[in-house]
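We begin with a single chain expressed as structure tokens, specifically the form predicted alone.
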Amino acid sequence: MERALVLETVRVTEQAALAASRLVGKGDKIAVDRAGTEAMREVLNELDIDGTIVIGEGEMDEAPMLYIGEKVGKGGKNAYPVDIAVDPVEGTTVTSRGLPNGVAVIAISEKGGLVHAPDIYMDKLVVPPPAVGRVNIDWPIEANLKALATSLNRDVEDLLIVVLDRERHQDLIRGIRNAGARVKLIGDGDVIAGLAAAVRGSGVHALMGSGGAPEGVVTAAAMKCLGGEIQGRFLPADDAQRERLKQMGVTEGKVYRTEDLAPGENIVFSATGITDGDLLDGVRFFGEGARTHSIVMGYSSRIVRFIDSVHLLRKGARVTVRI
């Protein structure tokens, strides 16, 4: 399944990114999301899969496009039965404003390979491969930063930690700075920030703080492929969300790790840049086409690919391809 779908999966995110990129900087985040979602669904329905959206744009009556429980793919007896987690445009606000790190993201696994996470907050800690098993989300900030620095053979002062720019993170930001590390604040997009933390050369070393739980599961799929680690704890805000956790078989207060959130053995992850970011270049248009930059990877196949694609968007287009 994984080998059959890995390159098909990147086509899904490429088309979502191309569609959403037409609306970069136009200030309409709803239109951005709609364009990316419609393009993603169209390509998913061309694939030889019997797919179910387990993480999407919300419940059916809340989000009519790629909702949780929606069936996608050609189906049929030869189709691969898969669970799918999507974020057609991660960072709708930053994309609509033309800011960095807008991406199209998808993760696909065999049935049961991804936790069905409710749309609530999750406290997260994401670290690169050398720090796996050496940090703990329950430890004080300073202890985790020291452990991270030691695992990377750096000083704490060398570290750059990504945090969502939210009022709820003021104490976290203060704690990171007081420990001696630096903070990179982002407006949106903690999936791509988590990926950047797990890839050497991106300039960031960890992700800390709370964000969406569905994005935490998507990040876990990527961490499993990359060898990094996410630790997360679900943060229900009220009794209704606690009941939702129980219905989905998720335990409040438990620390979920990469293997808990993405237990599948056949996992494919793909992300394509919409706007320029720490890890991926955004879509670049030229006279008769566009260029996209993606990362796609499979857990069982143990391959990580960076794909630089040129798309000729007009019939009969002829262009000079540059490296």
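Note that residue numbering begins at 1 and tracks the sequence as displayed. Everything numeric in this text was worked out from a predicted model, so none of it was measured.
Keep in mind that the form predicted in complex with a small molecule is missing from the display, and what follows is about it.
Screening 109, 144, 231, 92 for any heavy atom within 4.5 Å of the small molecule in the predicted bound form leaves a single hit, 92.
When the small molecule is considered in the predicted bound form, residue 188 lines it closely, a heavy atom lying within 4.5 Å. Residue contact check for residue 212: one or more of its heavy atoms lie within 4.5 Å of the small molecule in the predicted bound form. The closest heavy atom approach of residue 121 to the small molecule in the predicted bound form falls within 4.5 Å. Put simply, residue 166 is close to the small molecule in the predicted bound form: some heavy atom of it is within 4.5 Å.
Partner proximity in the predicted bound form, defined as non-hydrogen atoms within 4.5 angstroms of the small molecule, places exactly one of 240 to 248, 126 to 134, 82 to 90, 222 to 230 at the interface: 82 to 90.
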